[in-house]
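Only one chain is shown below, in C-alpha cells, and it's the form predicted on its own.
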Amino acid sequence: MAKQKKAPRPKAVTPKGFRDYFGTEVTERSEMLQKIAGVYHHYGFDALESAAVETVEALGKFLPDVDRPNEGVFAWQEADENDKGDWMALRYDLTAPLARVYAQHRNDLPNPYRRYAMGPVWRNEKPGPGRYRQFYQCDADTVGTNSMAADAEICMMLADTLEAVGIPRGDYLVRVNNRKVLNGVLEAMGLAEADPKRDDVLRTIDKFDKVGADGVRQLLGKGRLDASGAYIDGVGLAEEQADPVIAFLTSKADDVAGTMENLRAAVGDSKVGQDGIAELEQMGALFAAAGYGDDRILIDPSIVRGLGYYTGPVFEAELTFEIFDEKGRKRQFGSVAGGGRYDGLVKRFTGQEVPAVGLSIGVDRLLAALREKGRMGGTPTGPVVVTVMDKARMADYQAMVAELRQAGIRAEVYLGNPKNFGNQLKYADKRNSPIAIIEGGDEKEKGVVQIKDLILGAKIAESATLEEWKERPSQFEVARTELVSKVREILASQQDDSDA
C-alpha cells in the first residue's frame, strides 16, 4: 500500500495587499480614534456602526478596477437552490452603507441626521507601496439639509479634530472650493452638460498642482511634453476656451472678497457658477463669525481633487509642515482628509433626492503625520512585571498584580517557566517593562519586596561609573505594604525623565 502523502503545511504569510498590526500601532490608532470621536460627539454627531458586508446592489456604483471581478470589491454570491443568491461584498467605504441605513431607517431617524462612523474598509485593487486592500476610515456626515451651515460646520469640525489629535495650528489648512463654480466655468467654456470633453477637462484640471497653469493650458489645447520627454495629447480646445479655466485656477486673491470677484469673472453669466460663489460667500461669513480665520480654513479655488464626485462645496485638509521623502528631498506632508456635498445620496433607494455633506479622514496618513511630528511612535512602555520565585506561591504574586491593577497601574505576573530567573528579566526587557517586582522566600519572611527600576538600570548599565551607580541604585527594598506607592513614585520619576 502506497504511503499517503502528508498535506503540505500552509505558508505563514500575510495575504497580498494586507498587513498585520501589533500592540503599539493598534493602541495609537485606538487612542487617536477616541480623540476624533470625542470631537464629533462634542459637535452633536451620533455614532453609527453598520455591517461590514452589504449587498452589491446596495453598494451601487463603486470605485472601478476593470481588471478585477465586481469592479474593485471583495464579493461573493450567496448559495441557494437555484444558484441565484444575492451578491454580497465587503464595504469599500463608509458612505455607501450610510445611504442604505438612511433609506432603510429614515422614518425613525431625526432629520437632519448627523452620524459618524469609524472602521475598516476593503478594496479589491492592485496593492502597492503604502497602499493596502484593507484600511481604516473615519467619517462624519449630515444627511437631509441644504443649509451651507452644515458644510461650514463640517469644515470647522475638521479643523478642531486635527488640533485635538495633536496637529498644532499653523501646521494644517482646510481649503474649500465648490463644484458648482467649476460647472459655471465649463458653461463659460461653451461645453454643454452632455459634452464628452467635460470629463477630459476635469481630468486636466486635476493635474493643476503638478503641471501649473501653463501646463493645464497646454493640455487643454494641443498637448505638452512631460518631464520624461513623452508627448501628452491635449483635449483640443481653442485657446480662448481655456481662458475661463485658467482664470478659475488662478483666482485666489489676498482676501475672500478679491477671490470672489475673480471667480465671478471666470464663470461669467453662468447661473450655476454664480450660485456656487454665493455658497462660498455664505461659508466664508460663517467661518468668520465662528472665529475660524484664513490661517485655519481658506477659500481656495485651486482645490480640485474629487470635484467629479461632489455636487457643491468641497474641502481638503492639508498638512503644511515639511518632511523629507525617501530621496532626502523636502516636501510638504500633504492631504490627510477631505469631503464635500454630495446631494442625491439616497436617491437610488427612494427615488427622492436627499442632500448630504460629509468628511472622511485618512486614519493611516494622519497617524503617519503624528509620528512625523513626534507625537507618536516612541518606544511603548510595557506592564510592570511581577516575577515568580516560587510557583507554589502564585497566589501571593497574583495578589500583588491585583493591587497594582486596582491602583490603575498596568501589570502582569510572569507566566512562563520561572526556573531561570534571568529569563524572567529578559522577558521584562522584551516587553519594555518599566519595573520588575521580586519577592523570594527571604523577602516574604521579612515582609518586604524588591522593586527593580528597569529603565534606570538600563541607563546606568550604559554609562554610569561605580560611584554614580552607588548614588542612584536601580533596585529598592520596601515594605510589602508600600508596594503600590513606591511603584507609583518610580513611574512618575520615569515620566519626568522622559519629558525632560
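Residues carry their position along the shown sequence, with the first being 1. Under this definition, the rigid core comprises the largest set of C-alpha atoms superposing within 1.5 Å between the forms. Given the structure is predicted, the values throughout are model-derived calculations rather than measurements.
Below: the form predicted in complex with another copy of the chain, not depicted.
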Assess the spot marked by Arg19, Thr350 and Arg405: is another copy of the chain within 4.5 Å of a heavy atom from every one of these residues in the predicted bound form?
yes
Tell me which stretch of 241-249, 208-216, 145-153, 255-263 has a heavy atom within 4.5 angstroms of another copy of the chain in the predicted bound form.
145-153
Counting non-hydrogen atoms within 4.5 angstroms of another copy of the chain in the predicted bound form, say which of Ala58, Ile451, Leu456, Met32 makes the cut.
Ala58
Since exactly one of Ala75, Leu202, Ile232, Ala368 fits, which has a heavy atom within 4.5 Å of another copy of the chain in the predicted bound form?
Ala75
Using the partner position in the predicted bound form, report whether Arg131 sits within 4.5 Å of another copy of the chain, counting heavy atoms only.
no
Whether Lys84 contacts another copy of the chain in the predicted bound form should be assessed with a 4.5 Å heavy atom distance threshold; does it?
no
Look up in the predicted bound form whether Val53 has a non-hydrogen atom within 4.5 angstroms of another copy of the chain, and give yes or no.
yes
Distance check, Tyr172 to another copy of the chain in the predicted bound form, heavy atom within 4.5 Å:
no
Heavy atoms within 4.5 Å of another copy of the chain in the predicted bound form is the criterion; list the residues of 421-446 that meet it.
Tyr427, Lys430, Arg431
Relative to the superposed rigid core, does the CA atom of Asp295 travel 2 Å or more between the shown form and the other one?
no
State yes or no: after fitting on the rigid core, is the Cα displacement of Thr350 between the shown form and the other one at least 2 Å?
no
Inspect the rigid-core superposition and answer whether the C-alpha of Asn183 shifts by 2 angstroms or more between the shown form and the other one.
no
